[in-house]
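Below, in structure tokens: the form predicted alone, a single chain.
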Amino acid sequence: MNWEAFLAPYQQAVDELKVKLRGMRSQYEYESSHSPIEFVTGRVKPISSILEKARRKQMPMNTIEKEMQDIAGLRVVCQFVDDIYAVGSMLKNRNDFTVVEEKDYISDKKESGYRSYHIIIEYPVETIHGEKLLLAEIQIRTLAMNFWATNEHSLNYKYSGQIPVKIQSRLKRAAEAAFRLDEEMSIIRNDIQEAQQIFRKKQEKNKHGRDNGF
């Protein structure tokens, strides 16, 4: 397989979606309102990870384009749990791609303690051969969920997916602690957002002062 040619449209999809999702965040900032999006990242799955997943899922190589949903992956990180569902709703209302599946691992967390909201989309990429529809996965999670998931991913890599029982137990407790943090922050959400708005206005005032030579 010519991997470079195969993955090029996926990289294009990731690059375009990052611009679009970051654009959503900027629109909120222009309107001086709270943005449910804290930051956006994206990546194309490494070839070694594609091959490993195909082997693990017993997925023939000629079917990965239709069966592997996360070759193109985007991550949207939010401050609050409610923001996750707000972002999900916005994505479902867009007309530049089609939502084909949703996986709510927040209300129905994984056994490991993993929490996140996944949206699988079918995204049209314009290539020199015409339009190509690709599957992409958008993960939406809070900062706390992202911190936990990043560390769990590292441990899975270290232990080749066989994390020792003692560490698994600690991970589960950490996942619950992270979720309690999210719940507590949600309770004082209005105060946090008001404080952030005051800080933002102060920054803008200082910036305009510098621009005017003060």
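As the structure is a computational prediction, the values presented were derived from the model and not from experiment. Don't overthink the numbering: it's just position in the shown sequence, from 1.
This next part talks about the form predicted together with a further copy of the same chain, which is not shown.
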- Query: Of the residues 119, 144, 87, 74, which one places a heavy atom within 4.5 Å of a further copy of the same chain in the model of the complex?
  - Reply: 144
- Exactly one of 65, 52, 70, 38 has a non-hydrogen atom within 4.5 Å of a further copy of the same chain in the model of the complex; which residue is it? 38
- Message: Within 4.5 Å, heavy atoms only: does residue 139 come near a further copy of the same chain in the model of the complex?
- Response: no
- Query: Using heavy atoms and a 4.5 Å limit, would one call residue 110 a contact residue for a further copy of the same chain in the model of the complex?
  - Reply: no
- Distance check, residue 178 to a further copy of the same chain in the model of the complex, heavy atom within 4.5 Å: yes
- Message: Is residue 48 part of the interface with a further copy of the same chain in the model of the complex - any heavy atom within 4.5 Å?
- Response: no
- Within 129 to 165, the residues that have a heavy atom no more than 4.5 Å from a further copy of the same chain in the model of the complex: 129, 131, 143, 144, 147, 148, 150, 151, 154, 155, 158, 159
